[in-house]
Ligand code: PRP
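Quick setup: one chain, the form predicted alone, written in structure tokens, and binding and motion questions come after.
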Amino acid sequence: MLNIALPKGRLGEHVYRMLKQAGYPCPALEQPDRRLIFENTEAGVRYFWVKPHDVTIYVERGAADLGIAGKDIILEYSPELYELLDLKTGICRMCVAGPSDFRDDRRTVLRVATKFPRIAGEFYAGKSRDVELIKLNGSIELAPILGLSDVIVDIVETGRTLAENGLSVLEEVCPISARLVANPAAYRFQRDEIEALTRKLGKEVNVQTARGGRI
């Protein structure tokens, strides 16, 4: 039985449908109730819903053999797990954003507000840029508007929220998408089952990509 952590929300529901098409259905999961754990012994899978930011914790600590995690979470927290497959869904970008007329004065320390201090720090370290990182948990767009920061580093999907607040993308840090991840010990002891699932899911990802399907 493979234990698979799915992120709550549209992304998890979308990936479950892909897994179902790949041969890993779980009818109990499709019922309208409040249970969190669902299994199909015939398919050899047990699914459970967790908050997106918690998926890598469940996988890293062995409560889940596999999970679906955003590349942003993987980069920010560097959990000890194997990244097996780019699911090519949940696609967005990690970007530097700020006022469209912003010009970086390298003689000063750049103030950067972000929910992702590791990603932002490594990005600017690679540019040899001195920065002050300001960790925020939400409403990041407010920071440069109110003068708390010069720029922000955050996930951008359409850019609409930025535009509505008078901000624009200044630089792209890295692309982001959902990934299939595995616990190293589980991969060692259930390698055949995990590789079979990865292979079948990869074929479904290619089908979805050919159809232009994304979330």
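In this text, residue numbers run from 1 along the sequence as written. Quick caveat, the model's predicted, so the values are computed rather than measured.
From this point on, the text means the form predicted in complex with this ligand, which you will not see here.
The contact residue chosen from S100, T108, S139, S78 relative to this ligand in the predicted complex is S139, the criterion being a non-hydrogen atom within 4.5 angstroms. Checking P27, G62, G159, P175 for any heavy atom within 4.5 Å of this ligand in the predicted complex turns up a single hit: G159.
Partner proximity in the predicted complex, defined as non-hydrogen atoms within 4.5 angstroms of this ligand, places exactly one of 139-147, 81-89, 100-108, 118-126 at the interface: 139-147. In the predicted complex, this ligand lies within 4.5 Å of some heavy atom of I155.
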